[in-house]
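Below, in C-alpha cells: the form predicted on its own, a single chain.
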Amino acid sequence: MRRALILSLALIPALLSFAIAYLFQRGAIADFVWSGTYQIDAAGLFSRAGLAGSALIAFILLTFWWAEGRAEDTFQAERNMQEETRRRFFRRLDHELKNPLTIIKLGIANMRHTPEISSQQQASLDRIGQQAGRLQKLVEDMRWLSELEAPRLEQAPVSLAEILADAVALARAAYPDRAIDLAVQQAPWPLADISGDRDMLVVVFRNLLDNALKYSTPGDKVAVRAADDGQWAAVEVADTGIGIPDADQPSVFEELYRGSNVQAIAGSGLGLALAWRIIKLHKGSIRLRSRQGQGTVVTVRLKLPAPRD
C-alpha cells in the first residue's frame, strides 16, 4: 500500500506535463516554438520533461526500496541469529541445571529419612527443596518461552479433561497441604476433546494453578471448572486469594511483570506470560478478572474442532 502510494506520486510530473501539453494543443494556452539547432514546441517540451522527471523519481524510489529491502533482510537475519542464540542458551541452561537439581532433590529426600534429623533441620530441608523446585520451574518456563519464539505447534486430538487432571495432580504434588476442587462437565455428555499440543496445554493450566495456590492461603478455595458449548471449551481457574490490584491487571501477562502486592512472595513473573503465549498459539483466548482481597478468576477459551459429517 505504501509503495503503491509513493509510485503514484512519482507519476505526478508525467501526468502534470501531459495535462499542460494537452492545454497547449487545444489552444487553451498559446503555443510557441523555440528555434535553433534543435526545434521543439512547448507541448513536446513539457511532455518530455515530465517523462524525464518521472523516470528520475522512479529510479530514486527503486534504489531506495532496494536499499530498504537489504536493510530489512539484514535486520531479520540478525534477529533470527539472536533468537537462535537465545534458544541455544536456554536449552544449554536447562540441560546443565537439570542434573544438579535432580541430585539436590534426591539428596534432600535421602536426608529426610535420616533417623537423627531434627525438626529444625527438617524445616531447612523443606526450604531447600522448595527453592530447588522453584529454580527448576523457572528454568523450564524460560526454556518454554524461548522455544515459543519459533513454535512448531503439534495439532492432535487431546482430552481436555485429562490435561486438567494432570495439571491438578502436578499442583497437588507441589502443594500437598492444599485442596483443589476440579469440576469437569460430565452431563449430558463428557467434556469434548480439543485439538492442540498436550504438553503445552498442561503447562498452561499448571501455571495458572501454581499462581492460584501461591497467592492464596491454606484456608482459601481453589477451583477448576470446565465445560463446552459445542463450539468452544471454557476453563476457569478461580481462587479466593489476595487478588490483584486494578492498576496491575493490564500488565499481568507481560514477561517478568509482578503485581505490587506480591513482591514479598517468591515468583518469576513468567507463568501468565507463558500461558498467554501458548493459548494464543492455539487460537484461543485468556482473560483475567480479579478483586484485591477477594480473589482471581482466569478464563481460558479454546476452539473445538469442527464436527465431521
Partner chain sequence: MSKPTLLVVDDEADLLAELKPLLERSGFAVATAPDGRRALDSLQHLTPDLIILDVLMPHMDGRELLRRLRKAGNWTPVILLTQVGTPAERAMSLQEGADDYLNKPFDPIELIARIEAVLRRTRRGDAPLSSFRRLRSGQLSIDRQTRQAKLDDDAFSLTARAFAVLEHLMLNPGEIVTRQRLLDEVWGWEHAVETRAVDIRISEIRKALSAYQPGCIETIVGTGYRFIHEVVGHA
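If you superpose the two forms and keep the largest set of C-alpha atoms that fall within 1.5 Å, you have the rigid core. Just so you know, these numbers come straight off a predicted model, no measurement behind them. Numbering follows the first chain given and starts at 1.
Below, we refer to the form predicted in complex with its partner chain, which is not included among the displayed structures.
J.: Where, among 118 to 126, 201 to 209, 178 to 186, 232 to 240, do residues come within 4.5 Å of its partner chain in the predicted complex by heavy atom distance?
T.: Residues of 201 to 209 come within 4.5 Å of the partner.
J.: Please check if S216 has a heavy atom lying within 4.5 Å of any heavy atom of its partner chain in the predicted complex.
T.: No, S216 sits far enough from its partner chain in the predicted complex that none of its heavy atoms falls within 4.5 Å.
J.: Does any heavy atom of N110 come within 4.5 Å of a heavy atom of its partner chain in the predicted complex?
T.: Within the cut-off, so yes.
J.: Is L274 a contact residue for its partner chain in the predicted complex, using a 4.5 Å heavy atom cut-off?
T.: Contact check for L274: yes, within 4.5 Å of its partner chain in the predicted complex.
J.: Taking the shortest heavy atom distance, is S159 within 4.5 Å of its partner chain in the predicted complex?
T.: Looking in the predicted complex, residue contacts with its partner chain do not include S159, since no heavy atom lies within 4.5 Å.
J.: Has each of D228, D246 and S285 got a heavy atom lying within 4.5 angstroms of its partner chain in the predicted complex?
T.: No, the candidate spot makes no contact with its partner chain.
J.: Heavy atoms within 4.5 Å of its partner chain in the predicted complex is the criterion; list the residues of 128 to 142 that meet it.
T.: Contacts from 128 to 142: Q136, K137, E140, D141.
J.: Establish whether a shift of 2 Å or more occurs at the C-alpha of S195 between this form and the one not shown, with the two forms superposed on the rigid core.
T.: The answer is no, as the C-alpha of S195 shifts between this form and the one not shown by less than 2 Å after core alignment.
J.: Is T114 one of the residues whose C-alpha moves 2 Å or more between this form and the one not shown after the core fit?
T.: Yes, T114 moves 2 Å or more.
J.: How about A132 - superposed on the rigid core, does its CA move between this form and the one not shown by 2 Å or more?
T.: It does, since the A132 C-alpha is displaced 2 Å or more between this form and the one not shown after the core fit.
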